[in-house]
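Quick heads-up: it's one chain on its own, the form predicted on its own, in structure tokens.
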Amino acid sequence: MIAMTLPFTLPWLRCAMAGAALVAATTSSYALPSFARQTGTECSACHIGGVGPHLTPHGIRFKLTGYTDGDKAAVPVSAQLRISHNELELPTNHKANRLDETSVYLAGRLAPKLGAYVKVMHSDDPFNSGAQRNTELHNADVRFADTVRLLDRDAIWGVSLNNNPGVQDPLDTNQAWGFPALGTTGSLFNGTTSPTVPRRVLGLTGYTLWDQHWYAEAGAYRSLSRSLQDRLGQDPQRDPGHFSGLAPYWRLAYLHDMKTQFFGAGVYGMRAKRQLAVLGPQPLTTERSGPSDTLTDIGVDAMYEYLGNREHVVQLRANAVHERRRYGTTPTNPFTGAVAPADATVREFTFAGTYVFRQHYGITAAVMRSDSKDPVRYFPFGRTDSKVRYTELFWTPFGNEDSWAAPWANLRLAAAWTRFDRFNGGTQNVFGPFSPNAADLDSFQVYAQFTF
């Protein structure tokens, strides 16, 4: 999984910088005007604060019914621009102004009972002035859905073809839509660590929501070849390794809509037998080979919303993942002779809350933690525990029914702070002797995000 090398080289530092940027990016707008034009409702009917990804009960139902609700003819296409000013402690007082995202969405009804949410993103790393811009297939979810009577109760059922385990989930508490824990190692669901699984796999899942309360989903994922990852805009050097066969995914949840309040909670999991990634520059035709690691992930999550009369809206969400690893190799510490254990665990936890006033003004605060112990693989630190805090203040001038731009445009103006309390096992010299401290990875961002 992780090579036994001193982890304070430049690639590790760049990985941490990219992780900080990705935390800020998790709040990207998914309240798309193409959805509003199709349904004839304002963005705030489906999204808290008029901007996603956080869904109201109405938005959850819209997603489960395959993005097909609504009786208005509309072209299922939207676009998004994101302009930002970024400041990072390292390099010292590093600042950058960027048009750091240009995205096109295929979002809405494609045919009766068939809809899609597909994002193609052209982006830039705001903390690396030498980075090349990159076009990638980001999150994709194409689904067919219908309603039936099952055991004398109403039920929604459907199938989803997607490229990110959890992106199809109706709750926005998991790593695909929430705040993934930052660290130098991560679970199968975590898209901020290196290597990373999301958007490098393709899966098919089937689901049902029975009696408006009980949600169940099951399916499986296959890994994409390194050459196909490259064609889809994913860095093949961050390839997580080849899945041997199919990796099963499952989900169970209970949802309860109380009109002015909403509650959801559940469990989910995934299991993959993964061959180790090819390290270092390799031809794209070189596939993964060698011993396999068996990874078993189980997550629990919960979400509560107070909606009231929509003047004061509160959402609280929590997520915890436990990953058990059975390694196919047991390397030896070249300095001490210690042998790495064959089994290990990775734990991730996030808690976040959002408050919105009159669907325009809001604040989001989140805490993310991750931890794994292994004195050999993570030499010289022995563990990778990290703790990160995220705070964002935002204003959504559009998005309500009375907005002059509805349903043709949406705008979010925000300021966001990312603070590292711990990283890579400590607070000081987190990449090795004479390296930066955890606080040196802090960042600040001001951005404007316009969707039309």
Partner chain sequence: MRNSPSSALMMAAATCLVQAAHAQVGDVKRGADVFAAECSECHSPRAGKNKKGPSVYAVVGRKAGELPDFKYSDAMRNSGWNWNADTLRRYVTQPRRALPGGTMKYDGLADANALEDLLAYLSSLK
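Positions refer to the first chain, counted from 1. These figures come from a predicted structure and were not determined experimentally.
If you look for the form predicted in complex with its partner chain, you will not find it shown, but the lines that follow are about it.
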Quick one: of A409, A45, I60, A414, which gets a non-hydrogen atom within 4.5 angstroms of its partner chain in the predicted bound form?
A45
Might S34 be said to contact its partner chain in the predicted bound form, defining contact as any heavy atom within 4.5 Å?
no
G40: heavy atom within 4.5 Å of its partner chain in the predicted bound form?
yes
Close approach of N309 to its partner chain in the predicted bound form, 4.5 Å, heavy atom:
yes
Distance check, T345 to its partner chain in the predicted bound form, heavy atom within 4.5 Å
no
Mind telling me which stretch in 254 to 262, 162 to 170, 329 to 337, 190 to 198 gets its heavy atoms within 4.5 Å of its partner chain in the predicted bound form?
254 to 262
Which residues, if any, of 200 to 233 lie within 4.5 Å of its partner chain in the predicted bound form when only heavy atoms count?
Q212
